[in-house]
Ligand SMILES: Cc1cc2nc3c(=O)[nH]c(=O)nc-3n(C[C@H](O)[C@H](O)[C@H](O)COP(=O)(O)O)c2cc1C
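What follows is one chain in structure tokens, specifically the form predicted on its own.
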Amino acid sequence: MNAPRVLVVFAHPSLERSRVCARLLEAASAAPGVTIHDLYERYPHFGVDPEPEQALLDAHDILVFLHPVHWYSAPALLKQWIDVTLEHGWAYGAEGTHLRGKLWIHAVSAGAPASAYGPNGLNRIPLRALFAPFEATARLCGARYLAPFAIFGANSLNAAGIDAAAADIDALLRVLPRLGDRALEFGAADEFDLAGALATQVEA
């Protein structure tokens, strides 16, 4: 049986000015068996071509959307990519079954600390709740949605913190293909439980 194939859909509109996401992309690119798809490099003018995108999705089992949190959501090109690529009759609808059963997770950098995402925090809303439109999209398409994995406090990370965040992304991409259906267990709360998932692998 072949190992699940991981696709990282990366979106950052100004990567040349990024401290954190550039390092996360570097870590993701070095992870074994992972395909990197940089949307802003591929479509700098937003002219998304659905056919090659659909073929790429067909060829992978785990979809990891790696991006910064932009205004409580994702960068604009990722939304454009979803609008154009996930067509009726392909991704959803009676005959739209191409994403059915695939894992869908957002791995994001958030400038604010984790304490900002909650009823008593600055943003008042958990990150998973802010990403509800993506969760609804995944569910409509029959994908298995996991709670986001977040690097919080990205604006204040020092070099060591950025290296630790990169190590976490590497660990996430390595553990997801090994979890099978247990991925849903670790992705059931407001945030993906990477520590729990890694501990499971140690026990195994």
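Everything numeric here is computed off the predicted structure, so don't read it as measured data. Residue numbers run from 1 along the displayed sequence.
Below: the form predicted together with the ligand, not depicted.
Highlighted residues Val20, His70 and Ser109: every one comes within 4.5 Å of the ligand in the predicted complex, counting any heavy atom.
From the list 148 to 156, 39 to 47, 58 to 66, 133 to 141, the contact stretch for the ligand in the predicted complex under a 4.5 Å heavy atom rule is 148 to 156. Proximity of Trp81 to the ligand in the predicted complex falls outside the 4.5 Å heavy atom cutoff.
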